[in-house]
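Quick setup: one chain, the form predicted on its own, written in structure tokens, and binding and motion questions come after.
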């Protein structure tokens, strides 16, 4: 028995913070874990910008409401779920994920939470747990499940390394260079083929 674990942003949906940056014109918000691998450092950087520009959770949710899954993601996910158990492991927040999950017909997602103050002010964030992607894979192994994992950036690497098979989906060149042990795929047909190849080994 096995489970497929997928990252969300950059794999199935656009990068939320990049979309927000483009909508409101704050170029600095385009940085992601591709640019700043340390997630806490990245979030502190983002929260400082959010405060500086007076952004509230409603402003970000308004941008998210206009986003759609990446082209082909919905069909890929529907077909994948017909044959494999699936969990989405993301470093996004529940306040951001809900409208995107609705468009993907509610796959299981494990993510974090924002700490909100009065009138939607983003005061902080609360991790579900440190290094949650790797720890989820460890927990699945504890249930005697094999795991295939796919992601696109630095914050996915511990998940990929803990899995029985890891795949990089449309990663930046610096990630490919640093982690050459993982196969690289650039479209959903290739991702599905790579998943099936790993599952065959089980």
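Residue numbers count along the first chain shown, from 1. Because the structure is a prediction, the values reported are computed rather than measured.
One more form of this protein exists, namely the form predicted in complex with another copy of the chain; it is left out here, but the text below deals with it.
S.K.: Would you say all of 87, 136 and 142 touch another copy of the chain in the predicted bound form, counting a heavy atom within 4.5 Å as a touch?
M.R.: Contact check passed for all of 87, 136 and 142.
S.K.: Is there a heavy atom of residue 103 lying 4.5 Å or less from a heavy atom of another copy of the chain in the predicted bound form?
M.R.: No.
S.K.: Evaluate residue 110 for contact with another copy of the chain in the predicted bound form, applying a 4.5 angstroms cut-off between non-hydrogen atoms, and reply yes or no.
M.R.: Yes, residue 110 lies within 4.5 Å of another copy of the chain in the predicted bound form.
S.K.: Does another copy of the chain come within 4.5 Å of any heavy atom of residue 124 in the predicted bound form?
M.R.: Close contact is absent here: in the predicted bound form, residue 124 is far from another copy of the chain, nothing within 4.5 Å, heavy atoms only.
S.K.: Decide whether residue 5 counts as a contact residue for another copy of the chain in the predicted bound form under a heavy atom distance cut-off of 4.5 Å.
M.R.: Contact with another copy of the chain, no.
S.K.: Just one of 142 to 150, 31 to 39, 159 to 167, 55 to 63 has heavy atoms within 4.5 Å of another copy of the chain in the predicted bound form; which?
M.R.: Heavy atoms within 4.5 Å of another copy of the chain in the predicted bound form occur in 142 to 150.
S.K.: Can you tell me which residues in 66 to 85 come within 4.5 angstroms of another copy of the chain in the predicted bound form, by heavy atoms?
M.R.: Heavy-atom contacts within 4.5 Å come from 78, 81, 82, 85.
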